[in-house]
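One chain comes next, on its own, written as structure tokens: the form predicted alone.
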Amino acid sequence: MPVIEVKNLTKKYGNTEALKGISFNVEEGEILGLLGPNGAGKSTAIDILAGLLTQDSGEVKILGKYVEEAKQDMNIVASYNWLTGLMTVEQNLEVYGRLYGVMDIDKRISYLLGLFELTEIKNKKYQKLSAGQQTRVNLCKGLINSPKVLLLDECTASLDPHLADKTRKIIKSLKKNTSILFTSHNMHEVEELCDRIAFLQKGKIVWIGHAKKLKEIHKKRTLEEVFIKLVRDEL
């Protein structure tokens, strides 16, 4: 049984159709890349899976459950976040740890801060952090409950090359216990991390499969070249 099942998902904002009946699955231990230009519907899909939006029609199952029933076993890391600026890094993580009922919460926070090279700033207020530091704290928040399903929406934005590389290695290591839906505009990153990709355009999935096959079909050397071609062909 797929870990994430999406069937005929639709969503409108007024007269604009953000999602036009998309369907896809994410298998156990898989990283599926959800790609597409701005406005394609990626963030709408992620927000529905996270329970932040309600679809107009269609069905979403996570770990065989409806979204509300699966929330304790999943998490999200997005370019936006809900962390409190006036609280410290450690305080923010403790709040989310308690919301998820994490056991040995101090030990878990200490581990994550060390993993993302944040230990020295744990007592610093979130609003005083650099953009890259905020991104890493948000990643810690996303992993606080050791989720079985992780939604990553532009999760390496603002990271310098060293930390972005380290974060990709961490994401790869998560596959043993976590299934991941991943969005990024960094095509090198997508090729490195994703087992399959689903290409979303104007609210529809126009391709789903392996990046290598997509490059062969369009006779391109890189996924970035394919991305540019698909967007141009649609204009």
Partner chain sequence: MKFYRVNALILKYWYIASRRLDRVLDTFYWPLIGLLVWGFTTYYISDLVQNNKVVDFLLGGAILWTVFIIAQTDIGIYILEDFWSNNVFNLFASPVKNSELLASIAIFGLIRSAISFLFLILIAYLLYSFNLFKIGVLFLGIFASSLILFGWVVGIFVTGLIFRYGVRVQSFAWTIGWLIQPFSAVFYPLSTLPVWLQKISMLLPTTYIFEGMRNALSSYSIDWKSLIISFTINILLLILAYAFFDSSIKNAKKKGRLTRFLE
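Everything numeric in this text was worked out from a predicted model, so none of it was measured. Residue numbers count along the first chain shown, from 1.
In what follows, reference is made to the form predicted in complex with the partner chain, a form of this protein that is not presented.
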property	result
Per-stretch contact check against the partner chain in the predicted bound form, the hit in 191-199, 47-55, 171-179, 23-31 (non-hydrogen atom, 4.5 angstroms)	47-55
Residue contact check: Ser130 to the partner chain in the predicted bound form, 4.5 Å heavy atom	no
Pro161: touches the partner chain in the predicted bound form, heavy atom cutoff 4.5 angstroms	no
In the predicted bound form, Lys107 touching the partner chain (heavy atom, 4.5 Å)	no
Touches the partner chain in the predicted bound form: Leu83 (any heavy atom, 4.5 Å)	yes
Residues Glu68, Ala78 and Lys125 all lining the partner chain in the predicted bound form, heavy atom within 4.5 Å	yes
Residues within 4.5 Å of the partner chain in the predicted bound form, restricted to 85-118 and counted by heavy atom	Gly85, Leu86, Met87, Thr88, Gln91, Glu94, Val95, Tyr96, Arg98, Leu99, Tyr100, Gly101
